[in-house]
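What follows is a single chain, given as structure tokens, in the form predicted on its own.
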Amino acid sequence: MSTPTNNKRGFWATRMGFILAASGSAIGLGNVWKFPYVTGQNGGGAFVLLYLVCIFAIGLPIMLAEFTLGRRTNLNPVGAFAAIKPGSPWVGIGFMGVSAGFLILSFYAVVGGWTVAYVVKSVTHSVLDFSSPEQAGQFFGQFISHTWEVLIYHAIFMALCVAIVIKGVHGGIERACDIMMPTLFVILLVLMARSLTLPGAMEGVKFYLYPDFSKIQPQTVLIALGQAFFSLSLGMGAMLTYGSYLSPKENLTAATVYVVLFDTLIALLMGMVIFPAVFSMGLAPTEGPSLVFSVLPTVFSSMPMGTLVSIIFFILLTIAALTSAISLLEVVVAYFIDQRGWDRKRAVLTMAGVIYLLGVPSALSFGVLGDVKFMGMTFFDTVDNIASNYLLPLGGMLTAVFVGWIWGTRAAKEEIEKHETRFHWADQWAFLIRFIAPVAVAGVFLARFF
């Protein structure tokens, strides 16, 4: 099969631009919001160790597979599978990826709107007047139940995504990530330095970095694998789509390792921000999903320079949400450009509008639509459940099977080595992508039913 070209789509201008953009896709609320509370709920240091094993044994091989498929075809997820196995049921994996990107962004943008709102509320001091996490949690609950406020912030966040993606791969996504990713890293370092200098912070460091294997249960292993998988944005077509804009001369293995390392570093640094601060204030690390919006405002209000720290933190959260959201929108946009022949402006504006409208019931799931349930779940939770717990793991597992057994690791290796020196760990990668990754992801998927 000859490598197709699609000059309408554009390419990354620089290797670093691609690495920062792909890292931005991976680094999202999963790293900044979810990783700390999941770590806190699952024993700290021992969970972190399991997470790292899963990242490098499962996540990295699948990411390399997605990048390789994307560069080989220069197409979106649907087009990529159709180019290699035209007319086969395997094209359905691509549709799953585009559907997952569409659905995830519809509720992800709602949470992104919350982060924008908390930047504004930090500036106006309204999230710093709490003496307990309960008060902060009550304030958060009132905010997300306020119809027009959440819809406005939801719209602001989607508008930011549109403003970036409509400018294209180089002029929009790459340029934005060139600014946002270093900014995110610097903010994290500033917050970590502040957190580590709080009295009693070392107790948090000990909880976070010293493994206590007595806290490891079989379910903990599955949670670690699930967190590693989802934190890398795998199975939703984002990495495949970003890989499709790569130059044929790019070193795929090096780029994959850099993205995984950067993503993992950000997650680990986030833990070094959260746990020292939480322990310093005498709060529990097991607070769960409310950690960011309920517990941390209490921490900020109790520390010197709390207002500034709060503003900086929620700007960090917004950047993390935005870099992932633009990759999700790009997956959908690339499909309509490649497969339907739309121009970028039409694809971005139309799909962003549809995604926003689909997100409205999710935004209202904590207010006027709170009593509307589907199998006991709100609209927000239903969409999250379908995309995150079904489409993503199935997409990741089937991608591994496709590359490992259908397209074949030999063909993938040829693409990887096309403009590189020898792929030195090809045999190890082939073993992981053919046997370990599909079985492990299938285990995470099936475990949700038991």
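Start at 1 and count along the sequence shown; that's the residue number. Just so we're on the same page, rigid core means the largest C-alpha set that superposes within 1.5 Å between forms. If you're wondering where the values come from, they're calculated on a predicted model, not measured in any experiment.
FYI, the form predicted together with ligand TRP isn't displayed, but the following is about it.
Residue Ser231 is the only one of Thr256, Ser231, Ser365, Thr241 with a heavy atom lying within 4.5 Å of ligand TRP in the model of the complex. Proximity to ligand TRP in the model of the complex, defined as a heavy atom within 4.5 Å, singles out one entry of Leu29, Leu391, Leu398, Leu60, which is Leu29.
Although the partner is absent here, Phe143 is not a contact residue: none of its heavy atoms lies within 4.5 angstroms of ligand TRP in the model of the complex.
Within this chain, Ser324 lines the site of ligand TRP in the model of the complex, having a heavy atom no more than 4.5 Å away. Although the partner is absent from this view, Leu328 contacts ligand TRP in the model of the complex, with a non-hydrogen atom inside 4.5 angstroms. Ligand TRP is not drawn, but in the model of the complex it has a heavy atom within 4.5 Å of Tyr108. Judged by heavy atoms within 4.5 Å of ligand TRP in the model of the complex, the contact stretch among the candidates 186 to 194, 370 to 378, 233 to 241, 337 to 345 is 233 to 241.
The Cα position of Tyr51 differs by 2 Å or more between this form and the one not shown after fitting on the rigid core. With a cut-off of 2 Å and the rigid core superposed, Ile266 has a Cα displacement that reaches or exceeds the cut-off between this form and the one not shown. Comparing the forms between this form and the one not shown on their rigid core, the Cα displacement of Lys413 stays under 2 Å.
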